[in-house]
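Have a look below at one chain only, the form predicted on its own, in structure tokens format.
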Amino acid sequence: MNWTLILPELVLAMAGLVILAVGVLPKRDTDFATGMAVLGALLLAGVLVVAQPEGEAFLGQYVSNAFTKFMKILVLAGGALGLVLAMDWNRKEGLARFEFAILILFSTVGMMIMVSANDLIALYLGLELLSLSLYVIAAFNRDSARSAEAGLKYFVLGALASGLLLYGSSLVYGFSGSTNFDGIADAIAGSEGAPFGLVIGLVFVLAALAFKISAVPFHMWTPDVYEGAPTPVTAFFATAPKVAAIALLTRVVAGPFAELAVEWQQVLLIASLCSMVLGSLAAIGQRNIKRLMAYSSIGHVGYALIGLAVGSEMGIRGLLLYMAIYLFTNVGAFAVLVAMRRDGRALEGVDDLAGLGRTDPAMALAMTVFMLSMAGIPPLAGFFGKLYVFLAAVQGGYWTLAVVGVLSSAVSAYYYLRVIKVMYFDSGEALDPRPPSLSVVLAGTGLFTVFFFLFPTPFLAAAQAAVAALVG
């Protein structure tokens, strides 16, 4: 039963080792073959996740249920789309090395372990496997000082977050006598009041996970790393790892620490409010579109945390739906950023999109859809993501979260509309032709964003099943 439950992670890890062994053989141009092999492995892992039985493995350290399946599918989709965005871009930038795809694969294995972790030790192992891979790909462009700086900043601050997580975990273990989620929950339920040391440990764990999702006040690394890392790496940073970290945070607070809701809700409430406000205001003056997207992602984390801060089943369902919509909308927007190239040189300025409405109407239309969706304009997918978390806040009596969320959305609409204004009303030179792979990603994510309102039921049903598995 143990090996059956971890089959998706096991197959993915073994595929990574085989591809790595083949990749080091003295051959030329192995990057494309390696990338396709990794995409095949991710697809196979997705099939195995869908067919994965439910239960616990390894003495309760690993769990599989509807919630883990839902989040793993999103993580695998984010990893595959991130790799598709990178393959052509890396070749044009002289970064076509086979290690990139393998690092994406191993980071995906780490994310899947994070999602299914039912023990603080398993949680840390998955988180570190992800983090070590991200440290390397952030600095993947070795000849770029900005990329090296991004990797170093992320490594130093990531090490600090890992230290906070370990310290918090040790406090939790010391006061509960267990690292297993079920054991911690039993220890809290069996005591008259939660020990103060346990609450302090929980705060340290929340701080470490807030760093991974770029929630204020642990967001400092995000704009610099997003700007300095290669653009496809930034796209990956902004999607799959964020989904996995949100899933882990949800499992931690709704599982072992469910009895301490009053304590962790206060922390998440403040993080949500500050993230929404800072994300909407700090992005206004940005001229680099990657930094703009960094602050945008901080704001979106704030909206997503509304669902978790409310603490209800409706709130968590809204959170899951929000992350699914956020993943595909963000990948689509970053596909446009990856396609921003003129005379063979990658571009990053908002003003570099000038005239896109005339020179490439299809890509300009897709970017318009993604920007309006992020702003929460109906009937696009982003509107429904915000609608469900705001409704959960209102029904739970958290009017402050709902009001600040609506006002932040209104403010953030300014810089999303500014991008649209630059594309359609400013004049500029044409961009280089985009590769077919980017066109496919743009079309797929664009259609999802536009027509989500016609078929929300499967996503709502899957999110509801995931919530039932989590809180049941």
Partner chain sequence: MNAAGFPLLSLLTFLPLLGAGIIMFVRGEEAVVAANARWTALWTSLITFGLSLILWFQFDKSTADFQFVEQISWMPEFGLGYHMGVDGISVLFVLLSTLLTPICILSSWEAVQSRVREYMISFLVLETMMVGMFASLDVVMFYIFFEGVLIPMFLIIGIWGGTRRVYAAYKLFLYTLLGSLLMLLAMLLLWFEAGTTSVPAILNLQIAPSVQVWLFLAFFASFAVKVPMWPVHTWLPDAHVEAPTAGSVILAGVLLKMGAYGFLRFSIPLLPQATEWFAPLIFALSVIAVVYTSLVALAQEDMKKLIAYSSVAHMGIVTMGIFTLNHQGLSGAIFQMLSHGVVSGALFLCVGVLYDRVHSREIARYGGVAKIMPSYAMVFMLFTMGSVALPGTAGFPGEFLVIVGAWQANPWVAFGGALGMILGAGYMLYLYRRVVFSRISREDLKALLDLSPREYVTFAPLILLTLWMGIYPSSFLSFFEVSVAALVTRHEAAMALPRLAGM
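Residue numbers count along the first chain shown, from 1. Owing to the predicted nature of the structure, the values given are computational and were not obtained by experimental measurement.
There is another form of the same protein, the form predicted together with the partner chain; it is not shown, and what comes next is about it.
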So which of Y388, F98, F106, F211 reaches within 4.5 angstroms of the partner chain in the model of the complex, heavy atom to heavy atom?
-> Y388
Work out which of A33, A66, A57, L407 lies within 4.5 Å of the partner chain in the model of the complex, going by heavy atoms.
-> L407
Going by heavy atoms within 4.5 Å, which of 343-351, 380-388, 75-83, 227-235 lines up against the partner chain in the model of the complex?
-> 380-388
Would you check, heavy atoms only and a 4.5 Å threshold, whether V338 touches the partner chain in the model of the complex?
-> no
Flag V394 as yes or no: does it have a non-hydrogen atom within 4.5 angstroms of any non-hydrogen atom of the partner chain in the model of the complex?
-> yes
Contact label in the model of the complex: R146 to the partner chain, heavy atom within 4.5 Å = no
4.5 angstroms heavy atom contact with the partner chain in the model of the complex for G23 = no
If you check in the model of the complex, do L17, L160 and Y167 all have a non-hydrogen atom within 4.5 Å of the partner chain?
-> no
Contact check, 135-155 vs the partner chain in the model of the complex, heavy atom within 4.5 Å, ordered by sequence, gives none
